[in-house]
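In structure tokens, one chain follows: the form predicted on its own.
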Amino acid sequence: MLMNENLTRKEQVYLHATVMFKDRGYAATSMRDLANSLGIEAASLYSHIKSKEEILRKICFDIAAEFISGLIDIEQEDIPASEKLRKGIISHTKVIARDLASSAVFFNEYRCLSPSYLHDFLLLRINYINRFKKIIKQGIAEGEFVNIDIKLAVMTLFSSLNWMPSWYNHTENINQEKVSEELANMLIKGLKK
């Protein structure tokens, strides 16, 4: 991995760890592996971070905060549920596309958090999912969406969106804005009356 000289050593540690967690998995990445990728002694890592879990925790909770903050403003808008859902989907995909490695770690490695952090993380995730359920429920109540099982609708939506780190590539001239719009249109079309 190329070293960006503009980053602090701590930022370099986080960047390398994120890529390694994505590529190898959290459990299969040792502190020694991380130190070797940075060209430093393993003991030197502890002057920059407290533990490997600190990195995972930061990734998971930072991405969760980005997802939620993107949705809060949308929820307050006085617009139809379909437009809230469209904007929510676009906001979600923008967070993913902004940092594909961190997003992949967020979706695939959160289970490695220690029990107390995992509990807090799952509460954040449930809160976020429930916000989307509320938007869909609003759309059903207002007659904009078909009367569908709300949990099924939300799980289908997230199953579609959360695969993005597996297939989206910034370097392939795939316009992220266009992808976001098309995903939103396809997913909302399935809910509309």
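Throughout, we count residues from 1 along the sequence that is shown. Keep in mind it's a predicted model, so treat the numbers as computed, not measured.
The protein also exists as the form predicted in complex with the DNA; that form is not presented, and the subsequent description refers to it.
Contact with the DNA in the predicted bound form, judged as any non-hydrogen atom within 4.5 angstroms, is confined among 34-42, 59-67, 138-146, 161-169 to 34-42. Taken together, the three residues R9, S47 and K52 all lie with some non-hydrogen atom within 4.5 angstroms of the DNA in the predicted bound form.
Using a 4.5 Å cutoff between non-hydrogen atoms, N130 does not count as a contact of the DNA in the predicted bound form.
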